[in-house]
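The data below hold one chain only, encoded as structure tokens and taken in the form predicted alone.
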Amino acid sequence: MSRKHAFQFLDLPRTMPQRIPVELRTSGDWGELYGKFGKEDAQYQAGRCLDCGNPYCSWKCPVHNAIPQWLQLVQENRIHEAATLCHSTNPLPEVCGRVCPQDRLCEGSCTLEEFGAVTIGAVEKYIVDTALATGWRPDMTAVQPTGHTVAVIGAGPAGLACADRLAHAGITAVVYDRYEQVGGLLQFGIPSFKLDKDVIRRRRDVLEGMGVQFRLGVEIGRDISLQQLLDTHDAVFVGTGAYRYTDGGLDGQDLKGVLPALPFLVQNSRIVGGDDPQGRPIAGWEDQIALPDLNGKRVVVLGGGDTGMDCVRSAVRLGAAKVTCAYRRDEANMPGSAREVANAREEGVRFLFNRQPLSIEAGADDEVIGVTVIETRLGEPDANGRQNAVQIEGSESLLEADVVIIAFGFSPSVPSWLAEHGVEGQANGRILAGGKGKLPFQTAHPRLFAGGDAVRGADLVVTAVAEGRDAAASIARLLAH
């Protein structure tokens, strides 16, 4: 490496694609916040890579993308080859390029991070968007059909990734999902200002072109039994996600104007996306709400993860007069992406750190009027190494609110139709899979596999993609014998 090349980053600063102006975001613009790189900008950023020889970016990435290699291909304008390389490790690269917290993963581990990391996520988005727009599709010409079929339960990131890899292995994947669109929480839980829904529709087209079949609006255990799937398919993959919200046990959480985060995001995404402008209930899904009008309201969101950031930023776009996020630890300990926190703050969200909710207060007609919180300080680390939030006696106060959104996180649960077939779950609701004597992601039932949030608990999109991908490899291994 020449000295000139080694120090070129000092002359080539990190840049991001242009963003929608904040005045448009706060007046109800639901478009993707970040625009797209053009050819010159993408090559400019790709050229900043030092090709350091020990790619921390790749190791930090849960799917271990070949990042330096596809950055080099971008510099050489070999976009179709770069797209093929992206897909070799990641079945959903254009999604991860948009929603991954790169600041905590690849970019956070970039050798140049101190000077301004290479803008990896935006380049990944550029590669795949450009390749698909110019006719690139996965090359299936060498795939030999095996005659096997696999049912995939759940069209979220784990299920879509599994279906992709099964198709590449010559196995017909039939994906079942209770929603009317594919994507799971990619479609309904992540707001369109982070992930435009045309991206999901295009990915469905790509998968169908590979031979993947979709059976939507079908709920296992209601419309079709698991036994029927086992009778008609050689194996089943379960990627049902984590939809059970964490109950904080707060007094007053059943008051009018108190909303769980996930149903709020799902219903709002369906309305914004035009899937149902009236926000009518999804057949067979019991955990639903009628969305209140947030225009001119005071909204308090409890919780500091990425879901909380999705809620506060959605509330801004829905016209809330004041949006506050209350979190029991300090900003450095927030589980959400620092980039999302910065975007929320820029859009006018107020953050109150070291505030733990005690109860939700009622006014007339059982309508919420606010949240009683108590100040905290950080104490000794808990079992996971995070410092506990210790309450400061006598520091209670009332956060006035017309609407309270609870975003304490989500966990999976083992559905009864799965338990009936001997599949076990842990006390926290996670499906038990893998372990001694089993293939990775194989459950107690030899033809049932599981992965993603249903197994590991609520986590990143990219980790669900990794597990769906790797579960498909285990299924292919089983069916090869």
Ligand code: FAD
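Start at 1 with the first residue shown and count on from there. This is a predicted model, so every value here is computed, not measured.
One more form of this protein should be noted, the form predicted in complex with the ligand, which is absent from this view; the next part is about it.
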(request) Could you tell me which of 262-270, 345-353, 141-149, 380-388 sits within 4.5 Å of the ligand in the model of the complex, going by non-hydrogen atoms? (result) 262-270
(request) Check each of 255, 99, 174, 132 and return the one that places a heavy atom within 4.5 angstroms of the ligand in the model of the complex. (result) 99
(request) Could you spot which one of 56, 44, 30, 417 gets a heavy atom to within 4.5 Å of the ligand in the model of the complex? (result) 417
(message) My question is simply whether residue 218 lines the interface with the ligand in the model of the complex - judged by any non-hydrogen atom within 4.5 Å.
(response) yes
(request) Using a 4.5 Å heavy atom cut-off, state whether residue 193 contacts the ligand in the model of the complex. (result) no
(request) May I ask you to state whether residue 245 is within 4.5 Å of the ligand in the model of the complex, using heavy atom distances? (result) no
(message) So, residue 294 and the ligand: in the model of the complex, are they within 4.5 Å at any heavy atom pair?
(response) no
(message) Under the 4.5 Å heavy atom criterion, name the residues of 177-198 that approach the ligand in the model of the complex, in sequence order.
(response) 177, 178, 179, 183, 184, 185, 189, 190, 194
